[in-house]
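First, one chain by itself in structure tokens, the form predicted on its own.
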């Protein structure tokens, strides 16, 4: 994926929806668990060395699978590369569950589905399409499935 490094750094400096120092293992051979500052901003999970301000990596949380591995361990793997697994060990099961929920809500696809769901609910209640006033109600990205013409 292409990205602008400066824009990514700017995004990493934004306030986080969730942040914590937790143990992390990247999918490199022989990699062990290391304490990292992990920061969720929009649909990116940035990770930092605990004593540095610049991120050492970022995961775009799209087309990924977030899985609870053990009581306080979760992993992130990507659909295109399921063998590349990032593991995170939290301080407690509660913290682990909070991270899993936050990460699952962070993807664009989750937000799109939520928008479509609430759009349909509002339309049922009011009889009006809430997106119509913005002139975007017919855009394909706001449809559950492609409509037959």
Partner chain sequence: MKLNERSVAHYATCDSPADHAGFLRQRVERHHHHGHHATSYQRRWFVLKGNLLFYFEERDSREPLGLVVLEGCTVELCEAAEEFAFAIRFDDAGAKACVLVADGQAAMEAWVKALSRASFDYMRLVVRELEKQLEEACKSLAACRKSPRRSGSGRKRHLSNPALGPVQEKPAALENGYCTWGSGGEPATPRCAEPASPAPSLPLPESPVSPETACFSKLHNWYGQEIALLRREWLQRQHRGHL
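Positions refer to the first chain, counted from 1. We call the rigid core the largest set of C-alpha positions that still match within 1.5 Å between the two forms. Please read these numbers as outputs of a predicted model, since none were measured by experiment.
The same protein also exists as the form predicted together with its partner chain; that form is not shown, yet it is the one meant from here on.
Novice: Is residue 92 near its partner chain? Define near as a heavy atom within 4.5 Å, in the predicted bound form.
Specialist: Residue 92: no contact with its partner chain in the predicted bound form.
Novice: Does at least one non-hydrogen atom of residue 113 fall within 4.5 angstroms of its partner chain in the predicted bound form?
Specialist: Looking in the predicted bound form, residue contacts with its partner chain include residue 113, since a heavy atom lies within 4.5 Å.
Novice: Taking its partner chain as it sits in the predicted bound form, is residue 21 near enough to touch it, meaning that at least one heavy atom pair lies within 4.5 angstroms?
Specialist: The answer is no: residue 21 has no heavy atom within 4.5 Å of its partner chain.
Novice: Is there any non-hydrogen atom of residue 121 lying within 4.5 Å of its partner chain in the predicted bound form?
Specialist: It does: once its partner chain is placed as it appears in the predicted bound form, residue 121 has a heavy atom within 4.5 Å of it.
Novice: Check each residue of 69 to 108 against its partner chain in the predicted bound form and list those with a heavy atom within 4.5 Å, in sequence order.
Specialist: 78, 79, 80, 81, 84, 86, 101, 103, 104, 105, 106, 107, 108, in sequence order.
Novice: If the two forms are fitted on the core, does residue 29 show a Cα displacement reaching 2 angstroms between the shown form and the other one?
Specialist: No.
Novice: Does residue 138 move its CA by 2 angstroms or more between the shown form and the other one when the core is aligned?
Specialist: Yes, the C-alpha position differs by at least 2 Å between the shown form and the other one.
Novice: Once everything's superposed on the core, is residue 126 shifted 2 Å or more at the Cα between the shown form and the other one?
Specialist: Indeed, residue 126 is displaced by 2 Å or more.
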